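Just the one chain here, the form predicted on its own, laid out as structure tokens.
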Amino acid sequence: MSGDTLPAGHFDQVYQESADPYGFSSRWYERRKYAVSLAMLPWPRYRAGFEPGCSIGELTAQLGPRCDTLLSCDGAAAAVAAAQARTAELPSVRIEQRTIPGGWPDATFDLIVLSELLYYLSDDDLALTVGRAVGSLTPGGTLLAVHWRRPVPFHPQTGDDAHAAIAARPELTLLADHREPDFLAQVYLRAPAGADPGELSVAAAEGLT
């Protein structure tokens, strides 16, 4: 599968038709996926997080309490407004309207979350987005990627395609891998290629052997 990045107008239309078009706030599938995703994060707290493609902010609201600061963004104005309302009581969270990859912020983060985003991108934009994520991730930082695995006819990529692009980056070391027929969730750390994940584990960080 490959094609052009889905245009911003596609998502504007989607959110005009429904305030929660993907069922993020109503489906058990989504709530369970968020729980799995959050449980996979190796550290209890992060200095600075970035979550592009935040939609209406369901995951954002759960990430916020684990970050000193969290920047989340979406290209659709209606989604941004909903996410801002949902996180209004979380002062560490900032929601902005940005499109990816062009609107990638000029900043560094020790947590980047790419959730249900990358399969909307063309081959070139996928490569550019992954490259900017790697470049923005601090040494030892965490990259969490979570994507639907089943093919969607109008998506330029599958979820597996998107994760293959991440796995190809030598700067990243795979720490955790959770896969089901429906979704794939992986955690990577910004570490040298070939690093032993055992030396980067949560247990090792707390002196457990």
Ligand SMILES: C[S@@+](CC[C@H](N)C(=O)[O-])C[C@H]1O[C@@H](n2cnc3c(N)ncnc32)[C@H](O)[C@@H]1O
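Every value quoted in this text rests on a predicted model; they were computed, and no experiment measured them. Numbering starts at 1 and runs along the sequence shown.
Note that the form predicted together with this ligand isn't included here; everything after this is about it.
This chain lacks the partner; the member of Thr99, Ser92, Thr108, Gln84 within 4.5 angstroms of this ligand in the predicted complex by a non-hydrogen atom is Thr99.
Residue-level contacts in the predicted complex: of Leu126, Leu117, Leu71, Leu137, one residue has a heavy atom within 4.5 Å of this ligand, and it is Leu117. The candidate spot formed by Tyr34, Gly53 and Leu121 is fully in contact with this ligand in the predicted complex: every one of the three has a heavy atom within 4.5 Å.
Only one of 40 to 48, 156 to 164, 22 to 30, 173 to 181 lies within 4.5 Å of this ligand in the predicted complex by heavy atoms, and it is 22 to 30.
The closest heavy atom approach of Leu144 to this ligand in the predicted complex falls outside 4.5 Å. Interface residue remark: Val130 is not counted as part of the site for this ligand in the predicted complex, having no heavy atom within 4.5 Å. In the predicted complex, this ligand sits beyond 4.5 Å of every heavy atom of Cys67. Although the partner is absent here, Ile112 sits far enough away that none of its heavy atoms falls within 4.5 Å of this ligand in the predicted complex.
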